[in-house]
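The chain that follows stands alone, in the form predicted on its own, written as structure tokens.
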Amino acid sequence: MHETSIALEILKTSETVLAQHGGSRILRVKVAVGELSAVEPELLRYAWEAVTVGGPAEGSRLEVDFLPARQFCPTCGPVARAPGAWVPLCLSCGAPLLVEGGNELDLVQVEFEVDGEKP
């Protein structure tokens, strides 16, 4: 479960943000996770709960925006597909499909209190 090491890095970066702004407690962290990043959002949330115990982020909420990858045909354009279902060739013209996005793993926002005052 590599989500634990990812949660630790998110926590480390969030605590750096907290220290830079003189915050006292992390309330919420928002991350963007792409479909192709090999990160399971539910496992990441579970790992977050475990790694934040006893620190300034204990009890905080980890919000995960799951971003799907997009497939498109260079000739016909975007291809509709269900998440996790991949089609190698365009069903209309038979051209190899291209993939765009889905590799994101970004820290988007850290919300925190300063001396007991919520934002």
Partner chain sequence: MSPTADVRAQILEANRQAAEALRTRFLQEKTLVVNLISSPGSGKTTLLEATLARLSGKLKTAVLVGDIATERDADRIRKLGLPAYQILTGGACHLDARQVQGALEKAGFGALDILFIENVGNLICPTSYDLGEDFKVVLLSLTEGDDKPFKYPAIFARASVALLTKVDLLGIVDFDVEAVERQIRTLNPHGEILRVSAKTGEGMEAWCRKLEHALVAKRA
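Numbering follows the first chain given and starts at 1. Only a predicted model underlies this, so the values are computations on that prediction, with no experimental measurement involved.
Although it is not shown, the form predicted in complex with the partner chain is what the next lines describe.
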Check your understanding: Would residue 111 count as a contact of the partner chain in the predicted bound form, using a 4.5 angstroms cut-off between non-hydrogen atoms?
Key -> yes
Review point. Is residue 28 close to the partner chain in the predicted bound form, meaning a heavy atom pair under 4.5 Å apart or at it?
Key: yes
Review point. Does residue 36 make contact with the partner chain in the predicted bound form, using a 4.5 Å heavy atom cut-off?
Key: yes
**Study point:** Residue contact check: residue 19 to the partner chain in the predicted bound form, 4.5 Å heavy atom
**Key:** no
Review point. Which residue, 50, 76, 89, 80, has a heavy atom that falls within 4.5 Å of the partner chain in the predicted bound form?
Key: 89
Revision key, fill the gap. Those residues of 88 to 106 with a non-hydrogen atom no more than 4.5 Å from the partner chain in the predicted bound form are 88, 89, 96, 97, 98, 99, 103, 105, 106
